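Starting off, we have a lone chain in the form predicted on its own, written out as C-alpha cells.
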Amino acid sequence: MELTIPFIICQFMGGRKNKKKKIAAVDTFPNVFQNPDFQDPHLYSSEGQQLDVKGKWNELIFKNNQPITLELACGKGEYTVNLAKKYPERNFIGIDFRGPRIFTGAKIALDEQLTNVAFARMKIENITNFFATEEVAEIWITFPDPFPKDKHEKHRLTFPKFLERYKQILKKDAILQLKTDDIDLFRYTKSVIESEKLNLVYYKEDIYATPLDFEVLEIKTFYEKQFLAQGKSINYLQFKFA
C-alpha cells in the first residue's frame, strides 16, 4: 500500500498524542518516582512530594527489608515486572529516563498489584545520587543502546565510568548481568571486564542455540522478541567486582 503524506502525518500525530497520554498517566502512577531535573538530586512522587530515597528504598518505598535488584535501561519494564513475579522475596526497580517507556511495566505492576516493583525515571549517570553504599544486591542491564561508534563509547552502560558508579552502590559479591543482541557491545563488555580485572562469572553467545543454563533467561522483552524475529542471536554474561 502506498502511504500518502496526510496518512503519514496522521500516524505521526497519533503517536505523539499517545506519547503525551502515557507521560500524563505515568505522572499519576504511585509506583513511579521521577527526577525531572537531572541537576536536582531528588526524586518526586506522583503527588509531587520530594523524596530523599538514598539508603531508604526499603524503608520508604517497599516497607520491607528484601534485597533490591535494579534493571538499568529497563525500557518497557518487562524484565523488572517478570523478575518481580518470579522472585516475590526480592524488590525490583526499573530505571529509564523516558517516561513513555516506563508506562507499560508500571501499569502492569499496578494492575497486578505487585508490591515489590517500582520504577524510577532518572539518568543512570546520576545513580549514586539515589542509592547508598551497598544498598543494591543485583543489577540487570537488558538490551541497552550499544552506542556503536567509538566516539560514543563513554555512553555505553558497561563503560568503566558506569561500572565505577555501580560499584559504589552494590553489595559485596553482587552479580551484574548483561543481556543483549549486539555482539560488539557484548564482546566490548568482556574486554572491559578483563581490562578492569573484574570477575567474569558466565559468558555465552547465542544463548538460545542450546538449552538455557538459567531459567530466568526465558523472560523476553518486547525488543528481544523483535530481535529474535529478525534472526538475531541473544547473548548473556554475568560478572562481579573482584
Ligand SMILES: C[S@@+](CC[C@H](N)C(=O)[O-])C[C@H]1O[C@@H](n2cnc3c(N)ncnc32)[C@H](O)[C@@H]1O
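Quantities reported herein were computed from a predicted structural model and do not represent experimental measurements. For every residue, the number given is its place in the sequence shown, counted from 1.
Note that the form predicted together with the ligand isn't included here; everything after this is about it.
Residue 85 falls outside the set of residues with a heavy atom inside 4.5 Å of the ligand in the model of the complex. The shortest heavy atom separation between residue 90 and the ligand in the model of the complex exceeds 4.5 Å. Although the partner is absent here, residue 159 lies well away from the ligand in the model of the complex, with no heavy atom inside 4.5 Å.
A residue is said to contact a partner when one of its heavy atoms sits within 4.5 Å of a partner heavy atom; residue 145 meets this definition for the ligand in the model of the complex. Comment: 95-103 is the region of 168-176, 131-139, 95-103, 109-117 lying near the ligand in the model of the complex, near meaning a non-hydrogen atom within 4.5 Å. Contacts with the ligand in the model of the complex, taken as any heavy atom within 4.5 Å, map within 59-91 to 71, 73, 74, 75, 78.
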